[in-house]
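Shown next as structure tokens: one chain only, the form predicted on its own.
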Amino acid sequence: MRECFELRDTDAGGRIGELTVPRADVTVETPALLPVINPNLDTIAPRRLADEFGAEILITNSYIIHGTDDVRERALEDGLHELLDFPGAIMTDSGSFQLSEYGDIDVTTEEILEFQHEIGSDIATPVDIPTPPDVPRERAEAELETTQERLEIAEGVDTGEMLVSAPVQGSTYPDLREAAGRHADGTDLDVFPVGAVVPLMNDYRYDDMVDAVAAAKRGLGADAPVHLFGAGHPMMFALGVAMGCDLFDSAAYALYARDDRYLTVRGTRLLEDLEYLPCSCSVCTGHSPDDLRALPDDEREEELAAHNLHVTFAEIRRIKQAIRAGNLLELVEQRARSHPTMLDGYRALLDHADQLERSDPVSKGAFFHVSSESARRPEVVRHHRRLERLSVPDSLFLTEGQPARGDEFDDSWRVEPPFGPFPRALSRSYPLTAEVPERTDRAALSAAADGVARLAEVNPDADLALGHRGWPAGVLERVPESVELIDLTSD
């Protein structure tokens, strides 16, 4: 059990946790955003990040500090916290990004970890190999082996109270990602970044990103704090949290501001295209689009960066509240409608509903069926799995309507899309209290039919009948022939 991380609440794969960072003497509540600070370029001062935006942790690049003479000397003399003037926890990257961009760096894992310790980093990173997507498997395997060797080297470096991360690589090979997660989890290291996913996000391949994270999570333990390296756009935070990621680092707030790009939870807008500012942060209530466009370049960049941070931190808070309320997947559903590739990502997430079900609370608030994707949520998977636990009489009427009359059946159960059959005594139990549209979609009916099929499968000797309200033939084909079908609309 990792002593540095403790879970408080869960919903789907998302969780609220506490990451204890002993060297900084702080505890960071997760999910958390780590604004990226370039030690040579201060768009928003770190002290302002803490005081105005509530940042508890940030990330900067120790390799850049190491390679910049004056900054290196100040960091070694005064320490990272003094250099940046930041009261929270500071994580440092190792130069792996530069390695992926330029093909070579001039430090070893031991050297960069020792340097990170010397300058006062609270969470350090070894030099891993960030293998990009879609490379030949032989390259992915070889580079993963190198990364794992470096994690083992990192274990042997004396880092005192400084936490050390164990990046999980493996390119776009789920089995390699899972094996990498299992190897990293077996080390004594503390934080687990899923690396080299930025190219997937840059290409809007959110479905492949989900698969990579899901595979890594299968290898990692539940007590492993997971960092989604390079995930900085608020549009995808809810999806990332629902996958089980706890930490996100964002350079987007500054990089996008430099290009006059305005972040929203539904995507990015160019300042030149805005006639109104659809936000109530201090920047947007204090300026019009024309005001922002009229500012000198450096002032406009700072104001846009501040807006981008307000939006980003607000989304993190919104996600935490959704976890507490038990409606994280409803928030993911909303965000999935912001872009077709985000919907691909949500659908990929639901491909792993079995995995999500293991951490999803058994009881929470209302279940809202708001789209065809709702029929694939982990609550539906759990209900179908639990059908085998229920005691079934010799003859049973499953119906969307009223109970059977007379003594034709021993009992009558309700059928509620998307869950399927259940005893009437459970009608007030979550998630069977679901709010479902009157105009039930085909996916919900199909899921209900699958529930009937599951009940028939685990009770082969029972005589079952299904009373349905005009289900389509394609849906009824999912019900075994052993189940009598009764169309309640034909009377």
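Being a predicted model, the structure only gives us computed values, none of them experimental. Start at 1 and count along the sequence shown; that's the residue number.
From this point on, the text means the form predicted together with a further copy of the same chain, which you will not see here.
In the model of the complex, none of the heavy atoms of Arg385 sits within 4.5 Å of a heavy atom of a further copy of the same chain. Although the partner is absent from this view, Arg137 stays clear of a further copy of the same chain in the model of the complex, with no non-hydrogen atom inside 4.5 angstroms. The shortest heavy atom separation between Arg261 and a further copy of the same chain in the model of the complex exceeds 4.5 Å. For Pro423, no non-hydrogen atom is located within 4.5 Å of a further copy of the same chain in the model of the complex, even though that partner is not displayed.
Contact with a further copy of the same chain in the model of the complex, defined as a heavy atom within 4.5 Å, holds for exactly one of Ser372, Ser359, Thr108, Thr187, namely Ser372. Checked against a further copy of the same chain in the model of the complex, the candidates Arg300, His81, His310, Arg150 yield a single residue with a heavy atom inside 4.5 Å, and that residue is His310. Comparing 220-228, 411-419, 140-148, 281-289 against a further copy of the same chain in the model of the complex, the single stretch with non-hydrogen atoms within 4.5 angstroms of it is 281-289.
Contacts between 248-274 and a further copy of the same chain, taken as any heavy atom within 4.5 Å in the model of the complex, involve Arg266, Arg269, Asp273, Leu274.
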